[in-house]
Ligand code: NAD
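What follows is a single chain, given as structure tokens, in the form predicted on its own.
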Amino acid sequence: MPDMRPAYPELAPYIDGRWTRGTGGRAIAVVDPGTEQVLAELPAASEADVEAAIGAAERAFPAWRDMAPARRGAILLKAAALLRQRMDEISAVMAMELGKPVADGPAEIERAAGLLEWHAAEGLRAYGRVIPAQAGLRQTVLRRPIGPVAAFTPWNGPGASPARKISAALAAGCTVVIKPAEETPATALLIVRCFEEAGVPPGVVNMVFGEPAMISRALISSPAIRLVTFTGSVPVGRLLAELAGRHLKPLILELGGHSPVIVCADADPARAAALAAKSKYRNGGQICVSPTRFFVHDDVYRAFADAFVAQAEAIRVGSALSPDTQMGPLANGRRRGAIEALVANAREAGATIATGARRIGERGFFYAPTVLTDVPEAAEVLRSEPFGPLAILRRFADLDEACRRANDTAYGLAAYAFTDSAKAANLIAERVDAGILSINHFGGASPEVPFGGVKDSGYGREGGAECFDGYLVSKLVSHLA
């Protein structure tokens, strides 16, 4: 079926309740990864624009903090309804600027709407507590909004990530200045527009784009900004953490992963392979919780590998705007080049290319779903996050060995396992270092569960009952009558 190409939105920063032009003096080209054509020019913010956004967030904070949680929640619920109404439009825009298949877009927008609803409800339950004390002394703990928040979101989750961070901040009573990724600005713009039309007061939500280093420095060094939340790469996370440390700013960091999958001897290899391939190549593997390193027991390895390769080869790769496409292009040429370098390194080290490892077509950043087997320890891909359509299949004979190898990276975000043995499941749960473990399925980051990692995958949690841990501070009030 032919793809349907909608009009791409006009791009603009959003500061103090107004869509502005940006005074950074340059425009950033937004490129369609499927055609390599420029979709639009994104106006960059100047340092003065960033300062204006910070000032707006600071001025708006007291009134938003003091607004009844139910009123804040009602605005979030209205924004969630608007997201659902515009699901098709936002999905098409996401396909154009990210290359995510338009058929997959509604799931991300539904997740974004669910996050708004979850935070709206949890905002009604930001309870404090009373601590027993001596007669005449009342000790209470209040949970109060921390203040204006700086949020940084990545290109690979242009719908869910801005929705998660903005709604958590707002429901907790904080204001926000968000810098979404410059590669996918229109998706974030359409989400902010939903908040605006839902009735968010001027200054409560502000959005800027531009030179990442300048914007990061201006936001984090400002005394008005009280919390930094970032989703992105480990190197950038380290830089932001270092900068925040100079100013004693707390952070929430989600820095990616290199997710292991342990397939035990008692697992159904065909079922595990079908689920694994579907999850691996979703969004071209450009997902922080994407399964990447598959450790498969000797007894089921051949059956699993054959089924996985067949599934990978059956994936329909094409225009993200075609409803039949299952995997679109990679987000940019840098991403494709990084995958090609990892594959070349693995091949030189002695790995076998089971399928893929090639570009598709003459235009666009398309790359075939790829499977590597017999990957030696020297291969860089075992240590570096591929963040693309690349799967690594390896054998194991002993479960303790599989758990050790699963932990043999600096990452610790998500992990997966397939087994019908309660003993094996418990051992994996105890031994594998990860913030998230899913057994017999590939669990998602649903609103009701905590999301975050360990080791170089970051710290802090988003979602679940923990969703406001970074956005609220505990204040002791000790009153002697």
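Values in this document were obtained by computation on a predicted structure and should not be read as measured data. One-based numbering along the sequence shown.
What comes next is about the form predicted together with the ligand, which does not appear here.
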At 4.5 angstroms, heavy atoms only, are 155, 231 and 255 all close to the ligand in the model of the complex? yes
With the ligand left out of view, choose which of 314, 213, 130, 137 has a non-hydrogen atom within 4.5 angstroms of it in the model of the complex. 213
In the model of the complex, the one of 125, 246, 363, 334 near the ligand [non-hydrogen atom within 4.5 angstroms]: 334
Report the stretch among 78 to 86, 115 to 123, 174 to 182, 389 to 397 that approaches the ligand in the model of the complex to within 4.5 Å, counting heavy atoms only. 174 to 182
Partner proximity in the model of the complex: residue 385 to the ligand, non-hydrogen atom cutoff 4.5 Å: yes
Would residue 371 sit within 4.5 Å of the ligand in the model of the complex, counting heavy atoms only? no
How about residue 310 - does it come within 4.5 Å of the ligand in the model of the complex, if we only consider non-hydrogen atoms? no
Residue-level question: is residue 240 within 4.5 Å of the ligand in the model of the complex, judged on heavy atoms? yes
Of 283 to 308, which residues get within 4.5 Å of the ligand in the model of the complex if you count heavy atoms? 288
